[in-house]
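Below you'll find only one chain, the form predicted on its own, shown as structure tokens.
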């Protein structure tokens, strides 16, 4: 039994949905279909989720929404009409779109979450109708009916583990269940979304909940590549990787998976297969708990992300001052700010953050409070900051990986701001200036893969 998830590009038009239909029909073990909102049909197009965000903002500001509503309806109409779905089945979907502003919402954050979630919700209803029209024994399953309950955070909800008991009741379904990704309901029955890209999370949750043998995640690439293909032409494809490798690479900027998406699959020990909707015959990339040792490459993948900033602090004899770190972390906790890494020396300390947590105002507050608490000799924020990671299970058994990486960067005149080797020994992290990030990735790829 398999759970399959299709991304937005796989569902962007009736032409793409025809490919999805063929994939579902090709394997009768594919019983659970998780769908995203329709994505971009071509360069310059707009994802339906982004259209819904615009719709929500216009609603909040009491602006005329006629044009955006018509645009959203047209996207769903094109898909439905492409399969001759009768208007009496499409009209309820169109009515829901028109009436979104009339529904009760606790506040504008819940309004925004509900608007965004309807990209997936309405698409799942439409896909179920298309499947039925094409002769499949399919039905739409809403997350509420499936028993999916999440924490009460409108735009970054977490799945409540006790809900897996409810999902287990849907195991071994004799129908094809079409389930929208990206959202579920809090205990008050309000829609809350996972963070952006959360349809992957839904797919993994369903796979664990019904104890699937495999979770197939269909996207628009033949495999996961060792490096971003926009930086390196025809990079090496990864045939097999571990959950740990994927988690490390996702954190550092791999865009194939949301970095939280694998956790339910890891917990359920379910093999994940990333495949291409446009070339479903390609084997794709397998992600599982273990993999065979390879002698071809010491590194599995290389990734980078520019969404970081750092707080640098210097004070003589910092290492002798008891409670120094606790004082700083308490201030961060009071402002609900989490940190990513904290490399330190005897007289200095760097704290690395996800930049999206901070604002200029918050930085001023943190600077003032930390200065008052620990009286540093120097303290400042840096925003020109990217993190690079080289990741691979085989790195644990190789000598000289750090030396090769540092030499490759030095040969390309790239200055290292920070170096940190993970405790697991399967990853090494480098901090570099944003302007050097792309060249650094290329240099590391050339060193380990060419």
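Fair warning: this is a prediction, and the values are worked out from it, not measured in the lab. Residue numbers count along the first chain shown, from 1.
What follows is about the form predicted in complex with a small molecule, which we do not show.
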*asked:* I'd like to know whether residue 147 contacts the small molecule in the predicted complex, with contact meaning heavy atoms within 4.5 angstroms.
replied: no
*Close approach of residue 182 to the small molecule in the predicted complex, 4.5 Å, heavy atom*: yes
*For residue 196, is any heavy atom within 4.5 Å of the small molecule in the predicted complex, or not?*
yes
*Examine residue 30 and determine whether its closest non-hydrogen atom to the small molecule in the predicted complex is within 4.5 angstroms.*
no
*Specify the contacting stretch among 44 to 52, 59 to 67, 401 to 409, 380 to 388, defined as having any heavy atom within 4.5 Å of the small molecule in the predicted complex.*
44 to 52
